Structures are given as C-alpha cells and as structure tokens.
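The chain below stands alone, shown as structure tokens; this is the form predicted on its own.
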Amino acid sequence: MKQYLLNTWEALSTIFIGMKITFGHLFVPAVTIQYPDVRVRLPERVRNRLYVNMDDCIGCLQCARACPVDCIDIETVKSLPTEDLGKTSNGKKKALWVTKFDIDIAKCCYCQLCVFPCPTECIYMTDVYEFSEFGRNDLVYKFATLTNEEAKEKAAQYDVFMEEKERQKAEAAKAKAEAAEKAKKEKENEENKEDNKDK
C-alpha cells in the first residue's frame, strides 16, 4: 500500500511540474513567425543564391576556376576589333562575348569562393533562399544575355575573322619569301655579271 501511494504521488507531482512549465510559457509572447506571411530578417552577410550582373562580366573565368564543385559553366568568344562591347561599371574594357554563363545551384555549396576573385565584382550572393523546383534542370540558372543563335553567330564571325587573318598572314609570308627569292636571284645575277667582267 505504501508503494502504491508513493507511485501515485510521484505521478501527480510530475504532472504538476509539467503543468507549471506549461503555464509559465502560456503568458510569454510567442517567438514563432508566421511563415510565409512573415519572413525572418536575414543577417547582412548571409550566403544564399548566386546572382551575376552580366553588364559587368568580362568573361575572365576566375569564378569558374575558384569553384570547388564546378557548378559554374562559362563559354566566351573574342570580339572583333571593330566591335565595341563597352566598359564595366568600374571602368574595365570588355573584350569577350560571354556566350554562356550557367550556374547549377543544385551543385552549389554556398561557399562564396567564386565572389572574391571576380575583378569586376559582378557575381555575388543574394538573400534569396526560396528557389525550390520540381525538376533538377530548373535549378540551372542561365545568366548569359545572348541567345543561342546570337552566340553561334558571334563564334562564326570570329572564326571567319581568324581565317581571314591567317590567309593574310600566309599571303604576307609568301610575298616575303618571293621577295627574298627575287633578291637572291638578282644578287646571283650581279655576281655572275661581275665574274664575267673579270674574265
């Protein structure tokens, strides 16, 4: 009987202790935010989704080289000497068409190592953290401003320019060789004439 009463007292005391804690929290203001109507204020240096300002990108590939998980894929094409691509916001002259700038956010580890090497500060972490998708391919963000057709056109124009440059170089080398050959023959002819005069 003594054990029964002891067990009953222990059960009731633990219930009262639990109720005391519950009533203590009942009158304390709630700290739970009503997401998504209310969003938590993020710290200033938060690291979330990457963004690239293509107006400032010079296609130097520094961010892609720094990425430890290879989630940045960049392709560039040299501009023609006649083309003026403008300047970045900090005054750097642009010399490359950035035909492809893809970031696979599914691979990204949010280390921010791609941000620091960028000479024009065009890539940075944003405070956007809601970007879930149904398909994995939808997590590949394409930042390039050129369409596929424009990118192919720029590559084709550069190839034509380089072929023309190579052709001109070959013609110049051929003309130089012909001039050297002609000068050599003239020199030989003069030497032969002098030999004939001496005889």
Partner chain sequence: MHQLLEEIFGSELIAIIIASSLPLIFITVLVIFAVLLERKVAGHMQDRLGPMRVGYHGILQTIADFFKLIQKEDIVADTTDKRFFNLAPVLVFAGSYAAYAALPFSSAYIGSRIDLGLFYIVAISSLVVAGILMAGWSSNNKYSLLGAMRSAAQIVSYEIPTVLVILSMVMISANFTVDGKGTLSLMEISEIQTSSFWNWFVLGGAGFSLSKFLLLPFTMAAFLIFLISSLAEVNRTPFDMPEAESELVAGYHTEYSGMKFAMFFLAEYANMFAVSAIAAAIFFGGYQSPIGYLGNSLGIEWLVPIEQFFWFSVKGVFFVFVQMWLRWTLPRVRVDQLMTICWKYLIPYAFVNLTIIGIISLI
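On a predicted model such as this, the values are computed, not experimentally measured, just so you know. Only the largest set of C-alpha atoms that superpose within 1.5 Å between the two forms is called the rigid core. Residue numbers count along the first chain shown, from 1.
If you look for the form predicted together with the partner chain, you will not find it shown, but the lines that follow are about it.
- Although the partner is absent here, P36 sits close enough that one of its heavy atoms falls within 4.5 Å of the partner chain in the model of the complex.
- Shown alone here, L12 lies within 4.5 Å of the partner chain in the model of the complex, counting heavy atoms only.
- For the chain shown alone, N192 is not a contact residue for the partner chain in the model of the complex, no non-hydrogen atom being within 4.5 angstroms.
- Heavy atoms of K185 never reach within 4.5 Å of the partner chain in the model of the complex, leaving it off the interface.
- Remark: all three candidate residues (L5, F23 and L26) come within 4.5 Å of the partner chain in the model of the complex, counting heavy atoms only.
- This chain is displayed without the partner chain, yet in the model of the complex the stretch 27-35 from 148-156, 27-35, 43-51, 161-169 comes within 4.5 Å of it by heavy atoms.
- Core-superposed comparison between the shown form and the other one: the CA of F27 exceeds or equals a 2 Å shift.
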